[in-house]
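First structure 1, then structure 2: two forms of the same chain, each alone, as structure tokens.
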Structure 1
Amino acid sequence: MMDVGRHPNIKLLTCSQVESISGYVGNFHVRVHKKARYVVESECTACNDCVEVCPVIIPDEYQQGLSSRKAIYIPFPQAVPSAYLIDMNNCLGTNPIACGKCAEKCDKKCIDYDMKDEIIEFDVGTVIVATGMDVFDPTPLDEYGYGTYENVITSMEFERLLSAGGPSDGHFIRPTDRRKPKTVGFIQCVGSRCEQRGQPYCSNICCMNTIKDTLLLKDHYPDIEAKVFYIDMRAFGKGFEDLFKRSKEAGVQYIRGIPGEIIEDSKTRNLKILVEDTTANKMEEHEFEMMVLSVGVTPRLDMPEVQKLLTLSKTPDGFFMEAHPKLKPVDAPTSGVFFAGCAEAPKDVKDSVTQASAAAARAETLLAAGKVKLEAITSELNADLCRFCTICAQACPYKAITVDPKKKTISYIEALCKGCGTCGAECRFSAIKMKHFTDEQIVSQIDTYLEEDSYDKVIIFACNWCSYAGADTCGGARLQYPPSSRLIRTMCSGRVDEKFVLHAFRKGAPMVVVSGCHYVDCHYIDANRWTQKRVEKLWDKLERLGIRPERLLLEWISAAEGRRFAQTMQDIEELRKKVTKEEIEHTIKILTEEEEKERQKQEKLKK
């Protein structure tokens, strides 16, 4: 951080919060709320005189609440700028002045109670999201007694206790009696790999963090007995297995099993656990003077706000979703936005630095080019045909379209468009067309597939990124599925217009399938939500017309689910066989009549 503060080309805004980001790649406009420090940072010399006279004492967040700080403080060692700030939420008051001792003591007169918040606005070409992560709070896991038993601490609190700049000046002590413990236990996967009472995913860093902690403990205090209780140790990185071996050679015991409960002895304040050692296949009882809970990591609590600012997607585990896990691992779905660190997934320092370097390189490449290349699959807007109904603006996941129904105006920023086609499928006035995957191209594919033996064909609309790729995975794995399936690729399931489905039925298709990304994993943020709404309306319409809605299916299949694709196609084939020719002919007759009625209605409206 000190290097960042000294860099001539980096402007560091501390005590600041991004309020809004508008615009698009190369033309982002950022509005930042810079909060008042109430200390003139350019004048403050960090002499500490003001801290000595401040009467307010509150828990220090940086030290995990294990020590205290004053209302005027420096957030953490080596903070930039190296100047104090006043926590007005805990200050005794400035209006009217109820204390004022820090201002009286300051010889430089750099404390200004009248300092106001600022709004700073500027333009940037790219945005890098590096919001970090939060740590799981084990308080709800009452079986471990965190928050009840003082000698049960988290791995973060252990780090602070062992740090030279920590609350005990680097001396490892028990919170209850402030003496060095003789036995310490570590419990792994607290809040991780448990969907009911935590997070379902592995937090990536916990195993190696515990191994590092045990090595530090043994280096400083070789006589302390340390035991680690685990599900399995995941030492997957370069040199990680060597560290694991070093820890065991240093005398740390690793026991494969997770304790069910921690019980405190009221006299000695020692902690007892009962655990099943699955390696030895026996129950064991252990007693420790301290227990360390190796807590997992969680997405930042403010991620929803960041998601709205930049129109981002999230994966089911709550972290931000990249544009492509292999080809664009640091790119966000929104052009010009990149990810670094744990905003995208849990990772250690080495991986965070690697991703940060990649994000910086991607941003630099984009800025150096001076121009942005767009995919040739974007939408085309014909404003003359627009009726300003605002449906397209609501459907666009990237906010590329803005409509003002009162002023009868519509604007379209092509640089924001990703070509999902959802707007084109929702527009009822033909005001929006796609440059590729046009209506004519898709209808032509339907006609070609159903030109002969239409009764034996199943039309499947598959999104490019998941379902179509899932079919590719199925073929690559040489899995068998019925030859009746006829795939039509679209960039997104949101591109599948109602008229495509009805046209397929009108041409004699016994079954039609709309398939896309899993509901929470849409490549185009939330475009498949509109797919769901559209298909539900179609089910109602088919039922109203006397056509079995079961003949239209909606399936969510990912790129990795080749086997599921094959199984789904086999299930659909069984349903196809139950559709009779008489039912298909009846459907063709009904939809043809319905089409004629709609045509006559449109002609009357034109007249």
Structure 2
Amino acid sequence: MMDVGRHPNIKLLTCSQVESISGYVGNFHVRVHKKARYVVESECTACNDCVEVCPVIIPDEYQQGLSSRKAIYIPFPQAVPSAYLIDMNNCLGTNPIACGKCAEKCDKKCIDYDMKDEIIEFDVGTVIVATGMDVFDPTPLDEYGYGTYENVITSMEFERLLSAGGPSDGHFIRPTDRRKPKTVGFIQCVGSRCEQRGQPYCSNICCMNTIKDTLLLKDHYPDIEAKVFYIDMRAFGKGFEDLFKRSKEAGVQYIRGIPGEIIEDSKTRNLKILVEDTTANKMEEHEFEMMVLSVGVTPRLDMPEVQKLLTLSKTPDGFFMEAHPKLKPVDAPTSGVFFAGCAEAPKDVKDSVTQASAAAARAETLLAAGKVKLEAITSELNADLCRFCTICAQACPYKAITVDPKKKTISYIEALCKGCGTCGAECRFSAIKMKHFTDEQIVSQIDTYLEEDSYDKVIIFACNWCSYAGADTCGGARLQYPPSSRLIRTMCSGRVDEKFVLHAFRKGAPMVVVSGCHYVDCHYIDANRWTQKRVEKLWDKLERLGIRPERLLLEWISAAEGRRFAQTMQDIEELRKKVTKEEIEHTIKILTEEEEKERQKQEKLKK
């Protein structure tokens, strides 16, 4: 922390929040709101004189509320920056007449009740999101009585109680009678691995944290009896199994089973539990003088604010989504933005440090080069054809397009475009051209494929990242499938315009398949949701026109799913065989008439 505070290349802004970020990779403009500290940071010597005279006493957050602080305070003795601040929500008033004791006492005169919030602006080339995590609050789980039974504490409170700088100066005491407990029980997975109560995922750090806690406890107080109740003990990292073994050797008992309830003895304030030991297959009763809930990790509550600043996405667990879970685990889908630490997923200190160094290296790749090549496959706007309907702006996952329908203006930042082509597929006025995947290019492929013997060919639109790659994987594994498929590559399934599908049917295709990445894996954040919507609309339209909607399929196939691709092709072949030449002819007739009607309508509109 001190290294950061004194580094000449780091400008540290505490009590600060990013208010807005504009621009794009290499060229972000940042506005930061720095809240007033009411103590001049550079002048304060942390002498503590002000604290002694402050009359306000409130719970200390840093100590998990286990002790108190004043309204003027320093979060903890080693804090960086080493300067006090006034908590204005609790100060008796900015008006010195109301109190003003601290300002009076301060020799350096560095307390300024009139200090104003500041807006600081600067430019950067890259952004690292290291916003961290929240700790699960077990209060809603009334079976454990946290908040009611004082001797039930969380693992975070345990940390403070055992810390030399903690509220009890490192002496482990139980809250009700402030004496050392003889027995301590730990309950694992509190708020983790549970769909209904807490989070469905494993929080990654709690098993090792408890093992560490039991070792600390046994080191300090070998006579304390400690038992851990768990579902699985996950000691998977380097050196972790050793610690687990040491803990067991130190006499800590590990019992596989999670207690259903904690009951307090109102006289002794001891805690009783009933648990099924699933290794011994028997019900057991235990009594402890103190219990620790090993609480899990949750996404930060304020994540949506950061998410909006940088157009990020979240995975279903609520943490930030990476550009690719295997190959780009540090990059955000937005160029020039990287993740470090628990913002991306729960991590321990070592993993956070590892990812932070990786994020720094990824950022440095851009910074060292000093220049960045922009995507050449982007969309191109023809403002003359635009009717300001805003659909493109809604569809763009990167907010590269802004439309003001009242002022009839449209603006487009090409550097933000990643080239999914969803805007082009949604635009009904041909105002957007998708470079390298233009309407003409795609239609020419459809036409060529269906020129001869169209009835035994299936047109498959496949997105570059998942389903086209899945077809390649299938080839690599030499998985055989019927030779009726004809693939057309697009960057994203979001590019597949309604008119491409209808064109293929009009040219005699018995079956058309739109395929893309699985819903949450879209390489363009959520562009494939537009694919889904569009295909659903098309199904309705086909039905209305008297064309069997079953002839249009929507398939999600990942890059790894070669087998699924082959199976899908097999299944489609069966469906294709059921489409008769008469049915195809009928479809061609319907759609040719429909095209003519549409053409006449367009002509009228032009007039």
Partner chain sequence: MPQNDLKIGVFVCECGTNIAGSVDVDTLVEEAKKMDSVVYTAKNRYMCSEPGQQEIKKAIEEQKLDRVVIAACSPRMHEPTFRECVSAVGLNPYLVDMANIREQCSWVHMEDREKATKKAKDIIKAYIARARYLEPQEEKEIPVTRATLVIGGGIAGMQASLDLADAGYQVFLVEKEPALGGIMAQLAKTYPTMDCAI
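Rigid core: the largest C-alpha set superposing within 1.5 Å between the two forms. Computed from a prediction, not measured in an experiment: that's the story for all the values here. Here, a residue number simply tells you its place in the sequence of structure 1, counted from 1.
Visitor: Identify which of the two structures, 1 or 2, is the form predicted together with the partner chain.
Guide: Number 2 is right.
Visitor: Looking at the motion between structure 1 and structure 2, is D348 on the same rigid part as R489?
Guide: Considering the two-part motion between structure 1 and structure 2, D348 does not move with R489, as they sit in different rigid blocks.
Visitor: Can you give me the hinge-style rotation of the smaller rigid part versus the larger one between structure 1 and structure 2, in degrees?
Guide: So the smaller rigid part is rotated by 13 degrees.
Visitor: Fit the two forms on their core, then tell me the C-alpha shift of A383 between structure 1 and structure 2 in angstrom.
Guide: Reported C-alpha shift between structure 1 and structure 2: 3.2 Å at A383.
Visitor: Determine, in Å, the CA shift of R478 between structure 1 and structure 2 after the rigid core is used for superposition.
Guide: Residue shift at the C-alpha: 8.1 Å.
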